[in-house]
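Just the one chain here, the form predicted on its own, laid out as structure tokens.
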């Protein structure tokens, strides 16, 4: 295997590194990485930096191409990547959003305590595993066709409120109120629609999960109080996205844009960066389909929330089934936002691919691996000027799924997690070993970079008790 190139990285601060545009003739902007020196060496081991440099060559890029401390190699763009493009001169690239459109995280708070959940952990794990369909190809309780599916693609979580699966409070605590404007179901192919018809309310496989944990540590008491969080309080994290529907939307438009780029005079160092001018017919068609898939994802997480509440009611009784939503935030999405760049106020389309929105005062949810911890942060003003209002999205992989399967034993992993007081319900050994803690970076180190760099402030650390995976 060839060693990745050693790109020239200059330290702007001890936590911010830059590859200057002079590093390669086709770069239109610098490429910046938030990381400690140790994390940077991990990032250097794959093609993340090369992919970041490639992003910096795209037409109409504004400011910098950015990588967060959880960055690792992805499709076209690195996972953990952020890039903003001018609305007139810039492009939209499906690779900068990812195949799982609006993969995101939802945090619920409970009136239960750590002790209450721990006492019921085996029963709760089994009940959640039965309540939330997981794994490849699993169907949900709703079968949507025709206009019913259109209503979800247009309305997102707001449609789930109309169907009785969400409350007004749920919508108020969801990014964009659970609905991205501009969605056009007609831009979603028949194949994509077919893949989504029976998948609402399903978790899928890979790194998706439902996790019941507790607040292990509070760093900012005032912020935690605003979010309704307290030490020892039980919590629920839900991590999933748009399932097969979103994957097919990405597949369809990557193919379409690869065929169309020559007509726009766009040449790329990597075909995985396939793109079209944002303002073009191809670009706007993708934006409309992406919004529809994003709405499907918000509806999906809302439906899973309904299923989780039902499971809690069965285990603990109806009083404990309320599970109030703290926040729901996407980390694979493109949105039109406004920033000051180079002293000029500009509207740009921000691509976040494995990166979480971190607006001042908003919760920022950072899941770790199932054997370590997750974090709740609060967006800081510094993110607006430094990272287009963005943060990391998790611990970030340090090894491939193939290598994780080689190095981790499902039986040993279950024993290890049990020793930590963690109950795991998983649909397959493969799904378990691929997501072993050893496959991920140190989430504490990743989050400390974000905190110290002023992108988001630490509020609370969560520890898992019950994990459900596909």
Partner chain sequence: MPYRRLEHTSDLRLRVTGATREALFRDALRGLAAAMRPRQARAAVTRELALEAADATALLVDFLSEALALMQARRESYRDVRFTALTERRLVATLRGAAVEGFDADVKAVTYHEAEVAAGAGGGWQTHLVLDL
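None of the values given here were measured: they were computed from a predicted structure. Numbering follows the first chain given and starts at 1.
The form predicted in complex with the partner chain exists for this protein as well; it is not shown, and the discussion that follows is about that form.
S.K.: So in the predicted bound form, does residue 32 come within 4.5 Å of the partner chain, heavy atom to heavy atom?
M.R.: So residue 32 does not count as contacting the partner chain.
S.K.: Hey, in the predicted bound form, is residue 102 touching the partner chain, heavy atoms inside 4.5 Å?
M.R.: Outside the cut-off, so no.
S.K.: With a 4.5 Å heavy atom cut-off, would you call residue 191 a contact of the partner chain in the predicted bound form?
M.R.: Residue 191: yes, in contact with the partner chain in the predicted bound form.
S.K.: Would residue 75 show up as a contact with the partner chain in the predicted bound form if we use heavy atoms at 4.5 Å?
M.R.: Output for residue 75 is yes: heavy atoms within 4.5 Å of the partner chain.
S.K.: Would the partner chain be touched by all three of 254, 270 and 400 in the predicted bound form, meaning a heavy atom each within 4.5 Å?
M.R.: Every residue of the spot touches the partner chain in the predicted bound form.
S.K.: Can you pick the stretch from 335-343, 382-390, 271-279, 367-375 whose heavy atoms fall within 4.5 Å of the partner chain in the predicted bound form?
M.R.: Among the candidates, contact is made by 271-279.
S.K.: Sort through 135, 116, 360, 182 and report the residue having a heavy atom within 4.5 Å of the partner chain in the predicted bound form.
M.R.: Flagged contact: 135.
S.K.: Given that the partner chain is left out here, which of 201, 95, 204, 354 has a heavy atom within 4.5 Å of it in the predicted bound form?
M.R.: Going through each option in turn, the one that passes is 204.
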